[in-house]
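Starting off, we have a lone chain in the form predicted on its own, written out as C-alpha cells.
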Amino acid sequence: MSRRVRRNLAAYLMLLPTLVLLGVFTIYPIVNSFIISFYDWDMMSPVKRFVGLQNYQHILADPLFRRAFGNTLLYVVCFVPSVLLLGLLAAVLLNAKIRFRAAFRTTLFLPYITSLAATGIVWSWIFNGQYGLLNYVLSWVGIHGVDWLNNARYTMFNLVLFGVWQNVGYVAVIFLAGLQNISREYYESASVDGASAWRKFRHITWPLLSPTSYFLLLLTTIEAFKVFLQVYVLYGESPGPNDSGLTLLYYMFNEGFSDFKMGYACAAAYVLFLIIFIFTLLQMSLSRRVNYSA
C-alpha cells in the first residue's frame, strides 16, 4: 500500500471507536424512532402494528397537543428576549473594570452547571405558597399568601423565571467573549469625537456583536422549544394546574413513558423537530443583517 493509503487507513482506524459510538447511540436511535413513529407500539409487546400516518393525524387533531404547542410558544416568546437582554446587560457590566470581576463571573455561571434536580428543590421552596422565600420578600411590601405553584396564572412566570436564572450565566459568558473581541480602537476613536456611552453601544458594540447575538438567538430558541426539566422538577408528574405548564416535550414524555404509546411519542418528537426546523429557517433569514466584519 502507498503511504497515503496507509495514512488514511490509520486515521479511519482511530476514528472507528467514535464512529461506532455515534452510530449506536445517535444515528440508530434517530432512524429507529422515525420508523417507530409509523407503528402502534406499547414498548412492552414484541408486536408492532403498522398504522401509517395515523399517529401524525391524531397528534395534529389532539387539543392537548395544541395546548402544549401554545404553552411552549408562550415560553419561547417570554424566555428568549428575557435571557438575551439580561445576559447582554450582565456581559456589559462584567466587561467593565470592576472589583471581584472573576468572582461575579463564576457566581453568574454557576446555575448553568448546577444539577437541575438540586436547583428544582431550591426553586420549589422559593415558590412555596406557605413558607417560600418569594412570599417572604413580597410580605415586606404588603403582599401575602400568593400560591405560586397551584395557580395556573403564575405557571408560565415560574417557568420563565427559573429558566432565565439557569441560563443567563451561559448567555452572559458568550456575550462577554464577543465583547472582548471588539477592538478598543473603535471606542477610543469614538471618545475623541465626543460620543456618549449610549452612542458607543448603539453604533459600535451592538453592530459588531451581531454574530454573537445571532448565534445565541438560534441556540436559546431551540433550547426553549425543548423545555421539559423545569416543568418536571417544579410540578412533578402533573404539568402544572389545568395543564398550564404542559409543553411539547412534556407531552411527548407523557405519551411515551406514562401511557406507553411509543409510536405516538416518536411521531410527536418528529413534529417537534419540524417545528424547531421551521423556526430555525425563519431565523436564518436574519443572517443577512449580521455584521461579520471586525
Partner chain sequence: MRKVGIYLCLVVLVLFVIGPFIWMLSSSVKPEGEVLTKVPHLLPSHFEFRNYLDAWKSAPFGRYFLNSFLVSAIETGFDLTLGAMAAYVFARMDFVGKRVIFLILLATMMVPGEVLLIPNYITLTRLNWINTYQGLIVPWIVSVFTIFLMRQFFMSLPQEIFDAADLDGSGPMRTLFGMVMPLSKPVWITAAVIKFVGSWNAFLWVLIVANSPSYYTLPVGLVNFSSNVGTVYNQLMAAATFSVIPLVVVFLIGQRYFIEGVARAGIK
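Residue numbers count along the first chain shown, from 1. The model shown is predicted, which means the values in this text are computed figures rather than measured ones. Only the largest set of C-alpha atoms that superpose within 1.5 Å between the two forms is called the rigid core.
Although not depicted, the form predicted together with its partner chain is the subject of the following passage.
Residues Val80, Tyr186 and Leu281 all lining its partner chain in the predicted complex, heavy atom within 4.5 Å: Judged in the predicted complex, none of Val80, Tyr186 and Leu281 sits within 4.5 Å of its partner chain.
Taking the partner as it appears in the predicted complex, which of 186 to 194, 69 to 77, 151 to 159, 93 to 101 has residues with heavy atoms within 4.5 Å of its partner chain? That would be stretch 93 to 101.
Close approach of Thr119 to its partner chain in the predicted complex, 4.5 Å, heavy atom: Although its partner chain is absent here, Thr119 would touch it in the predicted complex, with heavy atoms inside 4.5 Å.
Would Pro111 show up as a contact with its partner chain in the predicted complex if we use heavy atoms at 4.5 Å? Although its partner chain is absent here, Pro111 would touch it in the predicted complex, with heavy atoms inside 4.5 Å.
Is Ser285 close enough to its partner chain in the predicted complex to count, meaning some heavy atom within 4.5 Å? No, Ser285 is distant from the partner.
Should Leu229 be counted as a contact of its partner chain in the predicted complex, where contact means heavy atoms within 4.5 Å? Looking in the predicted complex, residue contacts with its partner chain include Leu229, since a heavy atom lies within 4.5 Å.
Within 4.5 Å, heavy atoms only, which of Phe65, Tyr56, Tyr39, Phe253 is in contact with its partner chain in the predicted complex? The residue in contact is Phe253.
With the partner left out here, which residues of 172 to 195 have a non-hydrogen atom within 4.5 Å of its partner chain in the predicted complex? If the 4.5 Å heavy-atom criterion is applied to its partner chain in the predicted complex, 172 to 195 yields Val173, Ile174, Ala177, Gly178, Asn181.
Comparing between this form and the one not shown on the rigid core, is the C-alpha shift at Tyr12 2 Å or larger? The answer is yes; the displacement is at least 2 Å.
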